[in-house]
Structures are given as C-alpha cells and as structure tokens.
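Before any questions on binding or motion, here is one chain by itself as structure tokens, the form predicted on its own.
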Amino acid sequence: MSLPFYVAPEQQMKDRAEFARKGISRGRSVVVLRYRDGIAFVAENPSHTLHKVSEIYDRIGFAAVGRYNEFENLRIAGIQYADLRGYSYDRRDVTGRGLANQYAQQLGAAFSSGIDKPFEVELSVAELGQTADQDQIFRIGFDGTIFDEPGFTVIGGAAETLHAAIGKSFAADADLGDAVKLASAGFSDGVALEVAVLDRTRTQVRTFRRVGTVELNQLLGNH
C-alpha cells in the first residue's frame, strides 16, 4: 500500500496563491478613483455586455477582474446581501465596509479550505459618502485580504505598474475628464473602456450611472 503524497502546508498555500495570481494576471485592469464629484470606475473591457463594473446598492459600486463566472456570482451574492440587509433593517445599514467584509470572508474561506480551488478574482468595493471625505474604496484580494484605499486603487494584471503611474498625478479634486484620462493613460492603446461613476451630484437615491460612448469621447477629448 503506497503512502499518500505529502505536501507541506506552507507549500500548499504558496501553490494556491500562485494559481490564483496567474488567473488574475490574465485579466485586464480596472482603476477605481475619487474625483471632484464622486468615485469613478475605469476598466479595460472590450465587451459591451460582460460588465466588470456594476451597481450593488444606492451608493455602492463593485469592480472585478479575473474569471467572469466567479466574480459575476460574487456580484449577485453582494446584491442579495445588500437587499436583504436594507429590507430587514434600514437602507443606511448597507455599507461598503460591510459588503467588503462579506466578500473577504467568502474569498478567505475558499482560499484556506484546501478542498476547492481558490477564487481567481480580485475585487474592489466603493461607497460614495455624503461628502468627499466620507468616500471609501476597498480592495479585496483572492485570499480574503482587505485593504482600505484612501484615494484610488488598481486591480488586475498590471496593477503595480498602473498604481505607481497614477500615484504621481492623482488628485481627489480633479474633474471627471481628468480622472478618466489619468486612469486610462497606462492602458493598452486602442482598448475599449468601460466607465461608470458614483455621482454625488445626482438627486436620485441611486448614484451609480454608466458613462456612454458619446460622453466618454467628450471626456477624453475625442471627436
């Protein structure tokens, strides 16, 4: 009778992390950043139907990179969590921090279980505050690690390079056009953009809106 193959726990965790990183590195990047009137989501996305940026709740947006089917399931779970909490308690009890913690627990449990494969996704959750200093941006890693990002964050394959480049010129009081230009400056030439915002100037309860092609071309100075 042969003995089962033994893998040290430390090596197993390294292998799982490497597996997840490889999957995420193949995904095109998303930048989430504050601007003068809210929070912008700027993604490299050639698809017009498979969104990487979505609304979760009134003042909360979601962005993801990696395996589409995995982060789409997480997006739906986030909406269900937010709807249930808002219905059971109060809409004000639905927060970006609470949602980010839910995602962190789910991703962390999958990563450390050793049974199923880890999620090949990286997420960002942003909440629009009543004032600019109350805005919150969170980044959640494949292993459930959660980071509170004060001004902007980048997720995806080229995250480190883009983060360094954006950090040199980032300004939270920039207008939307400058924010989109800064976020997309490091993207591949000619790549299609998916852009959405949490807009503090909107009078509706729901602050999320997508930026259409015409508006995007105006923001980028394209004619």
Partner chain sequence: MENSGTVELTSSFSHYAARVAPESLPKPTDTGAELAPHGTTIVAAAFTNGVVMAGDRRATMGNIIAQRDIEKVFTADEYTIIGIAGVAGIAIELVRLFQVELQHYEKVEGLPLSLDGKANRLGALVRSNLSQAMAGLAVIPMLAGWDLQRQQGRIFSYDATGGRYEETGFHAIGSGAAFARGSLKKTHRPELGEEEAIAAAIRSLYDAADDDSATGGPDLARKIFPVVMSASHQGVRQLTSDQVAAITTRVLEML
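Just so we're clear, the structure is a prediction, and the values are computed from it rather than from any experiment. Residue numbers count along the first chain shown, from 1.
The following text describes the form predicted together with the partner chain, which does not appear among the structures shown.
With respect to the partner chain in the predicted bound form, the three residues 36, 174 and 198 uniformly fall beyond 4.5 angstroms at the level of their nearest heavy atom. In the predicted bound form, the partner chain sits within 4.5 Å of a heavy atom of residue 119. At a distance threshold of 4.5 angstroms between non-hydrogen atoms, residue 112 is out of contact with the partner chain in the predicted bound form. Contact check for residue 99: a non-hydrogen atom falls within 4.5 Å of the partner chain in the predicted bound form.
Shown alone here, residue 206 lies within 4.5 Å of the partner chain in the predicted bound form, counting heavy atoms only. Residues 55, 56, 57, 58 of 34 to 68 are found to place at least one heavy atom within 4.5 Å of the partner chain in the predicted bound form.
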